[in-house]
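First comes one chain, alone, set out as structure tokens in the form predicted on its own.
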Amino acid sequence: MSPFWIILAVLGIAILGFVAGVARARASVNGNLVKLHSRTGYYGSFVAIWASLPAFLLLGVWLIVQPIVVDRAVTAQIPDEAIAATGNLSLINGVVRSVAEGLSRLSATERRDLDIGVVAARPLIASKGVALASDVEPYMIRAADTLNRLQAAGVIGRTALVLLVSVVGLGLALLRIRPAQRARNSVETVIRGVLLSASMVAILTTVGIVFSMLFEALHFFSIVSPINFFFGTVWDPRFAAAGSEGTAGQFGFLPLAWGTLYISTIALLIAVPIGLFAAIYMAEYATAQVRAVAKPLLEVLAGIPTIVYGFFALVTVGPMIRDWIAIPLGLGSSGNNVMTAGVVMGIMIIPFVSSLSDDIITAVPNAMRDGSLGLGATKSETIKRVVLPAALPGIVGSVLLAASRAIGETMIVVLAAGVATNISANPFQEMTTITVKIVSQLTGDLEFTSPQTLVAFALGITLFTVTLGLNILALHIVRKYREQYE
């Protein structure tokens, strides 16, 4: 039984447990519910939790541990000589898994012919629609048999044990139901634990992201000097020739940092004024009917996929900027340039500025507006001298959040700005960003041993540090603002 159907089965048992728990609670007091410590629903929830939560925990642990155990058992079937000859254990394991898939499709007669050597393994398995990267050795068949047996046994054992734990949990929970049982306290304790676990997801995700990049980045910096990386002005990560010593290429970070900051700055110069003016209009001038239509339409921009923005830049905005501005001014002849990427990216992040700024401006107390108007100030003067200064911390926070979004954009830059690494003030030249180079360095069949691949992790941890700092700063400013005016 697949994990999906196991989950459905456990949920079904939990539902039955809820019904049985409610019925048992009622029966324990002969229908006089006043004698129960908690409401009947808590008794049903108590049974449902015991029928589902231990089973789900067991299923999660099983799904994590089983692949590790199976891989170790399969690896034990592979001779050391074969590993030494190939030099790539993962490649052998891939072939073994393909052989195992082919063996699972054989009939009893075909399998018998294979065991006694009547037919060759590779043609027979290939006839079942399984492609093999190399010839099938006898040890591969033995390892594939072990893989199939362990996986089949794992499925049976997982299904039986998880369902058994679910049924046993249901039975034990039913036996514990008494009129004086504090079912509500038990259920709320479990709910608090679930809420705490959910709140830890963001923290654990952040920690996982950091550690997934940190060790590989440290490996890169053990090969390439951090000074040469952070202060280098040439990006040329050429791959070393086979058998050559040392590292080939140059890994200068400054061209990528310049392109990232240049494009992001142009995007913010477009998004901040438009988004802020739109927020002021919707919060201070627009009627309720106009606001109800304009704000959702403006926020639709945030839901458009970035690849669509890239197509828009490539087909429409780029040629317009090239034909109307770059060529007449003699500053460039390509539609792929910094200005194109910055303009389209600015359009994309307008909702990040407008929506949050609108909420912040709306949250400014009306007493401040009324006091200004009562002293004789006009509406525009009230907005300039009272509302915007009061909302400024929140507006700054929205701008920083938009900046972090712009710094991390990839698809628009690839299609609109190109992949050239330049340090130039001309906004009509091709440039690229950190995220684009991360993708390009990790594209292809590469191993994480050369600096040309490991540099992606160094770029990733650097970009993560910058964007995380911007997000923390923005959240700190917004929190400070909310504490002041709520």
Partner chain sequence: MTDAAMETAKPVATRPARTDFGLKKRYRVERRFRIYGVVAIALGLFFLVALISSIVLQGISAFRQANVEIDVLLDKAIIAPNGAVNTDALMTGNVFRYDDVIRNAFAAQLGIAKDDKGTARTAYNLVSKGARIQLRAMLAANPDLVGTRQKVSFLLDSNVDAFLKGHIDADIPESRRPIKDRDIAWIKQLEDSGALSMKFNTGLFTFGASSRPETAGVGVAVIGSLYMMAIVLALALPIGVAASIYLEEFAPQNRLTDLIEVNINNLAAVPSIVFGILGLAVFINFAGLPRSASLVGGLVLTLMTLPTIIIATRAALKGVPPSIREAALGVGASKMQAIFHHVLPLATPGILTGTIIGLAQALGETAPLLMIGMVAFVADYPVTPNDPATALPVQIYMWAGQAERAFVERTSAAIIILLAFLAIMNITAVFLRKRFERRW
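Here the structure is a predicted model, which is why all the values come from computation and not from measurement. Positions refer to the first chain, counted from 1. Here, rigid core means the biggest group of C-alpha atoms that superpose within 1.5 Å across both forms.
One more form of this protein, predicted in complex with the partner chain, exists but is not displayed; see below.
Of the stretches 315-323, 76-84, 173-181, 218-226, only 315-323 has residues with a heavy atom within 4.5 Å of the partner chain in the model of the complex.
Proximity of I191, I350 and M411 to the partner chain in the model of the complex is complete: all three residues have a non-hydrogen atom within 4.5 angstroms.
The single contact residue among V399, I266, A257, L298, judged by any heavy atom lying within 4.5 Å of the partner chain in the model of the complex, is L298. Think of it this way: in the model of the complex, the partner chain has a heavy atom of just one of I304, A153, L106, L161 within 4.5 Å, and the residue is I304.
Contact check for E381: a heavy atom falls within 4.5 Å of the partner chain in the model of the complex. Within this chain, A202 lines the site of the partner chain in the model of the complex, having a heavy atom no more than 4.5 Å away. For N32, no non-hydrogen atom is located within 4.5 Å of the partner chain in the model of the complex, even though that partner is not displayed. Contact annotation: G418 falls outside 4.5 Å of the partner chain in the model of the complex, judged by heavy atom distances.
Taking the partner chain as positioned in the model of the complex, the residues of 194-216 that bring a heavy atom within 4.5 Å of it are, in sequence order, L195, L196, A198, S199, M200, V201, A202, I203, T205, T206, G208, I209, S212, M213, E216.
Core-superposed comparison between the shown form and the other one: CA of T382 displaced by less than 2 Å. With the core held fixed, the Cα of S197 is displaced between the shown form and the other one by 2 Å or more.
Distance between the C-alpha atoms of D71 and H219: shorter by at least 3 Å in the model of the complex than in the displayed form.
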